[in-house]
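Same chain, two versions here, written out as structure tokens and called structure 1 and structure 2.
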Structure 1
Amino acid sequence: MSAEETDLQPATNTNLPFGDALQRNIAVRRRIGSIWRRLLLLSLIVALTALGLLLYNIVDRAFGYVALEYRRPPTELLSNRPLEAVSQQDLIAIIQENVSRGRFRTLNRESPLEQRSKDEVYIVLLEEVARQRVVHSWSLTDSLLRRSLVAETMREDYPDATLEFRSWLSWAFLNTPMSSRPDFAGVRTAILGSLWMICLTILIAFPLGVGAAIYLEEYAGRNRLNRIIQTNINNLAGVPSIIYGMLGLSIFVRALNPITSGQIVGLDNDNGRTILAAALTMALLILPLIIINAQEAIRAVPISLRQASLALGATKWQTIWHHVLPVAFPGILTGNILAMSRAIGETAPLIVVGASTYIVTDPDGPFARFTALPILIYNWTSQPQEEFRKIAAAAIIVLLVMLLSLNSVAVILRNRFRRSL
């Protein structure tokens, strides 16, 4: 009898729930589970919302209404003709009439007015003669949803100004050099500077990185030195980028000044803060990334491929060059592109190495002083006027588009690589 009782009620001896209590226990645990499930999903959504807000904040600033004031309205300058009816020669004549002779000569020296496009000449006219000035600017949200507010501010604060919808990101913005006035500043020199730097960086880092990866994967035996190299690469990947900047400043800008300034090839320049110095610094910065990615790509090549090649009498290098590398190449390339996109967005080392903020001439070689897109964004963001924030946002869009296109190339390559295996 007593044995039967214990069999029927095992719960009496332990704290485990039984019967109704068990049902309740399960229901409670399920409910807690589903609440937490939602909380976990919520945190993921919060993270993605942050991404959304980041993009919204940029687009919100890059477009919107602006209130423009002129010292002399362009309609008056063009004597009420539409812009299409005025020839480029006329525009140049108007400019020549209204600016001092010295200024006109400077403008022609920067780039002859006859050779510029008509739109560019019109911008010069707006800047130099009409003296266009943005007195107030609105965000995209305000421009679209609070039109009455915009109209009211215009009426009360800027009765003489003209209202115009402006995309701060425009062809003119892409194609004009840096200027100290936000409404006429552009990013051409910065884009060219970034491209020059990134090309040199990859020219330096690609062979070095792939070479190191081949050595570590194919040649390196299990000895102390090779282990140190491997650990060292992993540690270098975690060093803050600004430290690389300081390394670049001491080694490339100062110690190797004759090389980076171009004196060695006979240039008359004693400043080492050039594209070459920045590219060398960036190359060191992305080297660990390239090596680690390339190592993974090489490791993924099946060992049977190497054995087949070696069995046919090929030497080690022949095996690597003709069989391992072609198979690993798409993977290596993907890693390289990702490293490139890291280098394009990197700002801190450039600040330390000494990219300038105010450069109006296009960089013409590795020994030129230069500016880069992230540097401009940093500089413009740090300015107090709202208009600089607007062009900073426009420049960010340019930077993000560059990164996005690079990354999509990487994704396409990766997919093609997967299919071929």
Structure 2
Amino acid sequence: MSAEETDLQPATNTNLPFGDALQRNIAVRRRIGSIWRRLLLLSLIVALTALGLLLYNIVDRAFGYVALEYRRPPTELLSNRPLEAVSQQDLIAIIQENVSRGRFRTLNRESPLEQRSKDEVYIVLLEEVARQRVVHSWSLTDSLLRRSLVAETMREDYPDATLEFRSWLSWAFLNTPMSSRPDFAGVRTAILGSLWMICLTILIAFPLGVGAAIYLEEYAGRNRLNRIIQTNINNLAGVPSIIYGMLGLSIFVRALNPITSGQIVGLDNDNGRTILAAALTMALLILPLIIINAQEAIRAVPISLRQASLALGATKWQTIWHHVLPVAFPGILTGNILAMSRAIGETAPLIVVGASTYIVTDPDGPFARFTALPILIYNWTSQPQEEFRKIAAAAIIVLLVMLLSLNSVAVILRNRFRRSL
């Protein structure tokens, strides 16, 4: 046997396959790899299918035909004139003539009719005088693909009703406060409440979280106390949100009532269930997420950058401020996006803290009572009427758009900081 042939032979004291056994071994490993690739692809397909079904279910409920009945048709109330030809004062006069004095005073007490827009006054006319009500509704699929079924149902069950294609997601839906009737309910109060809450939450949690992360990564020593703190921060990120709600109820709503109710600034309010209490609770909820993500971002900054800065005579803080934080900021913003997404979709802590399930006045400050979009969706989906599920689907679309918009702003800021490095 030549020296070259000897090199190609496997060592006799090993168990490695060779020859045909090696080829069979390679074929088996490739088959296993192919199976895993197909399983991973199947996982992706299942996830995309589930997401697609979810979006289809939401859109299918948010649009479709409705059957409307009136006690007095709007055309009769407007004397067959188009709405554009009727002034707001005429609409108010029609309402005043057809409702009781007490009801008219109540409507003005909620919000003066003179100060409302013409569209809002017309909606009041439809609700209070025309007594419009949805007697039946169809999904978008039925409306588009089963028109004969819709026509047959209208002919047999609702001969006096008017068929109308309705987008439950409309400008009126966005610009109208809550109502006990689904065809007149809107999400304006909930949108403002969610925006107030999320803005205050970020203002509170972001500086606290980043500050804590800087201290733990750059200043804190590797002693036992700091390891305990770090372990607890990691554990707090997995605590159920309802626990944070109970904590917020005990501390921010009850113990700190003079602060969260606004009494400390002279407001005549003894109820601590305000936007400020909710924002403090949500800040507590997302604080571990912000700290952990900020720590990871700071830890990823090369140590050589710090050493070079210190070698040139910069102080510790100058090194952190001018070199570490600018490099870590895109990663910090990414963690902030994830935390904000969790805060805006949470429902359980807000229920415990005391968000209102029915409120018609818009929040005007951090000490106001409020509701939020997740609370509204939860409340509407628990109602027995099908129409409430329709407007709940429309509210989910609003919540998704709001979430994507806020995330887009954060992503744009992150990319701008990344390009400036």
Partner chain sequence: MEQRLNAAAQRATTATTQRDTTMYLKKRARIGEMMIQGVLFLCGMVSILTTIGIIVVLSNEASLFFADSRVSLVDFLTETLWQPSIGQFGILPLVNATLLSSLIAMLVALPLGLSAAIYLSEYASPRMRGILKPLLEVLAGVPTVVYGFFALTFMTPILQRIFGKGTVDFQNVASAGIVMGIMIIPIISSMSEDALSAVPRALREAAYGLGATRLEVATRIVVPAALSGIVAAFIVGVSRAIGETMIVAIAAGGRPFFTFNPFKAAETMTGHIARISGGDISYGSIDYTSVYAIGLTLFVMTLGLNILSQRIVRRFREVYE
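Bear in mind the structure is a predicted one, so any value in this text is a computation, not a measurement. We call the rigid core the largest set of C-alpha positions that still match within 1.5 Å between the two forms. All residue numbers here refer to structure 1's sequence, counted from 1.
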(message) Between the two structures, is it 1 or 2 that corresponds to the form predicted alone?
(response) 2
(request) Determine, after fitting the two forms on their core, whether L280 shows a C-alpha shift of 2 Å or more between structures 1 and 2. (result) no
(message) With both forms fitted on the core, check whether the Cα of R254 differs by 2 Å or more between structures 1 and 2.
(response) no
(message) If the two forms are fitted on the core, does R101 show a Cα displacement reaching 2 angstroms between structures 1 and 2?
(response) yes
(request) Could you tell me how many Å the Cα atom of R29 shifts between structures 1 and 2 when the rigid core is held superposed? (result) 10.6
(request) Could you tell me how many Å the Cα atom of P82 shifts between structures 1 and 2 when the rigid core is held superposed? (result) 3.4
